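What follows is one chain in structure tokens, specifically the form predicted on its own.
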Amino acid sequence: MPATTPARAIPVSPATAAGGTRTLAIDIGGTGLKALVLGPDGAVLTDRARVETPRPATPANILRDLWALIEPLGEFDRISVGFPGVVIEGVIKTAPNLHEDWEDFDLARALAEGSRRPVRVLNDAGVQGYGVVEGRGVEMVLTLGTGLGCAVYNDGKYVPNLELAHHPFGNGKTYEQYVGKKALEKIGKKKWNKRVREVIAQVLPIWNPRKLYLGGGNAKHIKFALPDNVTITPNIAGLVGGIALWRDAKPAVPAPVAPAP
């Protein structure tokens, strides 16, 4: 099946690659697909590879382009994935900025079968937050990209699948419709900045986070002074946070056993 099989086989590496376990971190976005390899301590070992998200953004098309993207990155032992939607045990439940075919698609299983490595998949804002949170008190992440991502942590523990993006904000629009990529392109950066300021002002007294982190590709357009507890994070956090998916003992989708020769 084209959705689950790489264009050509990825070479099998030892259970622990030279220098320790290597994690392939993948960030699937509505605009771009990104990947790099992390060392056992989370250090970046390769350049970040990136391609545009294919259209239509079906599972088959995205996985086809992912196999080509990651092939030059070299050896890795496991895979972490950030995905822009609700993810439950590696299965995609929503993908509002990609394609309807993602509903109930087992992304973790597809990647495990194609790579023969264990896989964990999490909402992309959740992965980004793991790259920056300090692990104290309530911390919150908003990602400003194609849509609006949201993640909340309590003492470093992620609260999964909070979809603030689709909650009503005002004037008949959702948060995502108010500050997503389409809104930015339609109203321009000046008005968009005003809207982002309004979203921050709305969110802070509801969630009362000790820190609010703003990430995503469009965070670079923010030009107003932020409250003291609000910080813009580097976009690479959406990849380097992938190492945190392996800090506990929860089950991963295992790597399939290779057939006997």
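Sequential numbering from 1, following the sequence displayed. Because the structure is predicted, anything quoted here is derived from the model rather than measured.
Below, we refer to the form predicted together with a small molecule, which is not included among the displayed structures.
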Establish, in the predicted complex, whether 23, 81 and 108 all lie within 4.5 Å of the small molecule, using non-hydrogen atoms for the distance.
-> no
Assert contact_stretch over 118-126, 99-107, 67-75, 167-175 against the small molecule in the predicted complex, heavy atom within 4.5 Å, equals 118-126
Is there any non-hydrogen atom of residue 85 lying within 4.5 Å of the small molecule in the predicted complex?
-> yes
According to a 4.5 angstroms non-hydrogen atom cut-off, is residue 148 in contact with the small molecule in the predicted complex?
-> yes
Indicate whether the small molecule has at least one heavy atom within 4.5 Å of a heavy atom of residue 163 in the predicted complex.
-> yes
